[in-house]
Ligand code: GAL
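Shown here is one chain on its own, the form predicted on its own, set out as structure tokens.
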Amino acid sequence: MRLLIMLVLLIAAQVDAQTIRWQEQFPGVWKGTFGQPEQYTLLSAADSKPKAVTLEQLQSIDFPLPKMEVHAELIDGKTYVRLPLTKNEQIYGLGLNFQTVHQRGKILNLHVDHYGGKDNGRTHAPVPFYVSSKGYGVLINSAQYLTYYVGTGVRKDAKVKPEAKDRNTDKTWSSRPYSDAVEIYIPAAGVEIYVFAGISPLDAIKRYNLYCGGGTLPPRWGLGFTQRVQKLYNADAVIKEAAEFEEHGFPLDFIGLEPGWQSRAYPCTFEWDKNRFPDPAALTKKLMDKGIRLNLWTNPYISPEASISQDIAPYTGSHTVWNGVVPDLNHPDAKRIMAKQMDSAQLEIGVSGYKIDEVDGYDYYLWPDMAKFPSGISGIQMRQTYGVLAQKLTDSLFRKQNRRTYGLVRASNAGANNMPYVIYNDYYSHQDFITALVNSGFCGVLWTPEVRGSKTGEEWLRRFQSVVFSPMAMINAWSSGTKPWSFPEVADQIKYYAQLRMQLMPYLYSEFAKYHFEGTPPFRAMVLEEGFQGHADAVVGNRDLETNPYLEAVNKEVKDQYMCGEYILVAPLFTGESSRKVLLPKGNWYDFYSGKYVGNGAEIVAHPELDRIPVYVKDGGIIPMMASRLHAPTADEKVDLTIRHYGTKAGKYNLYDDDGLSFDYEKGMYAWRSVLVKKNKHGQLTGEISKPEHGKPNTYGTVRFEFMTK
């Protein structure tokens, strides 16, 4: 009998080992455990805490997939996961892609790396989260290199079998037969699978963002303009550049110092160069008195010349980068030494942030996969999470001082949604920059289409116009030395958009607050906009292109226009273009600049002048704006608002407020003020805003309404 019981238990254990064990974490959020998942994962590395209170209040939704069709299998110590796809289902996400939005039919090897010009999975943020057009998302929580077969592999036991065709005679033959599954290879003996259900794809993304701690809420100054100066600037040159911005009337909130601020770079000392910057504390104060902050470039690789070199050596990896040691940012002693150096040499004198470079890749200068680290984390796992660890370390330093930061980083991954960093790279395709901005909203990261240099004034203007409607308004002049006014023939147009960025700060700040508190990406793809995706789903069979060309258009990837916040649609123009097609979701849309009606659920052709790009606002849209200014408002300053309304419908908007600098909002020191536009008894539109709440932040002064549609 005892042997029989043991045999039954053994069989049960073996069956359980091949079964995904599902547990609902929050409404619409399930965690599936298979085999023996590794302890070190993407979510454990990021150490993000779910916004439990918000998640608990969300609508309860059934598990979005047939559980019996979600399959996992352990073969030779490796895990294979298979999830079903239906016939008309599209897949989005799977990292920061630069050329494609639709991922169905792709094979991706998710691997942190610099972007090499192809959407093959090697990218700055290879986030293993995808969202389906059916309204659910899936995260594979593994810090290994993962391979995704997104509707490519065809099993002989497939539920929906493709038809075998004769290539010789059948013109419909395809080298890529229909596949009804997403298959994932995980080089580990188990894995955690998270499924996020939603009433729409955007709802599923919101739940994913909230589970990862919510999106970041940058300081107000982070949404102003930044100029990254040339690499060997000295203190006098920095002061001179700041003065030039003021003289020309261009906004400037923070200056980025490139490698020359350090005594050694590639590898780095984390110490000021005493010749170029003899008194960095005085420089920082002088700039801060003008309302301008400093952001410092660095990478984490420690020069033998650094004062911390010997102390940190025992807590570094087996391989070097540019002959500098690699701190194990999972080791408490390495973090302590790095933190002490940053605190004493930079944060204590008022430095406001970092640009963390070269944590992404290029195999010839980063450590190889077989590298070892004192914490026991493998070289592969360290590669997949090193950018996240660097973000965590620096963010923690600013949190200790109760002041927010906002910076740049070259690598990120799942779980780092609430880190105050924007991804950038050395790639410079304007069109692909916009596609990356579209894709960023699928995977909980921020991306900026920075401006570096241009061959013509037209190119300079077109790139600059895109930057204004992005997470960070940045000119990166480290090499070119360009300034906003470098092309005199478009200097006035550039100034208009620079000032517009500052005017939009109340709107952008509120949209980032929604990202933090509600999980809504501030910049996102058109397929996530209500009234847009429905058209794409309706496209089946033959289409009458003469009477409705819009259907054909939305059935293709829409990767060159996007939503900026709740109400604004941005459609960038590229060099050489004087017009472009824009696809409008259902509902009336209006020109941002004039308030004139432009269309409803159709494809339109925009013919703007050189000094404009197409920007539209949906009916009932409310855009809170402030007067143009050179720097973001201070914590104790009140600014007057002009609240624009577009269209003929009533509208509402939640306007966010806090001190714009500290983390006190995490303790309840923030306010939402309700903005309403409605028709009075005479049929005229009128606006109102709720009163400030006693004891809560109130940085808004006089409020006036402007009705743009006459």
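Just so we're clear, the structure is a prediction, and the values are computed from it rather than from any experiment. The first residue of the sequence shown is number 1, and the count goes up from there.
The following text describes the form predicted together with the named molecule, which does not appear among the structures shown.
Engineer: Under a 4.5 angstroms heavy atom criterion, identify the one residue in N476, N588, N418, S454 near the named molecule in the model of the complex.
Structural biologist: The residue in contact is N476.
Engineer: Heavy atom within 4.5 Å of the named molecule in the model of the complex: which of E241, E566, D619, D357?
Structural biologist: Here the answer is residue option D357.
Engineer: Within 4.5 Å of the named molecule in the model of the complex - does that hold for a heavy atom of every one of R462, F574 and Y593?
Structural biologist: Per the other structure, none of R462, F574 and Y593 touch the named molecule.
Engineer: Within 4.5 Å of the named molecule in the model of the complex, counting heavy atoms only, one of 349-357, 489-497, 83-91, 304-312 shows up; tell me which.
Structural biologist: So the stretch in question is 349-357.
Engineer: Taking the shortest heavy atom distance, is D426 within 4.5 Å of the named molecule in the model of the complex?
Structural biologist: Residue-level check for D426: yes, a contact with the named molecule.
Engineer: In the model of the complex, does R410 have a heavy atom within 4.5 Å of the named molecule?
Structural biologist: Yes, R410 lies within 4.5 Å of the named molecule in the model of the complex.
Engineer: Give a yes or no for Y597: in the model of the complex, does one of its heavy atoms lie within 4.5 Å of a heavy atom belonging to the named molecule?
Structural biologist: Contact check for Y597: no, nothing within 4.5 Å of the named molecule in the model of the complex.
Engineer: Residue-level contact is defined here as any heavy atom of the residue lying within 4.5 Å of the named molecule in the model of the complex; does E258 satisfy this criterion?
Structural biologist: Result yes; E258 sits at the interface with the named molecule in the model of the complex.
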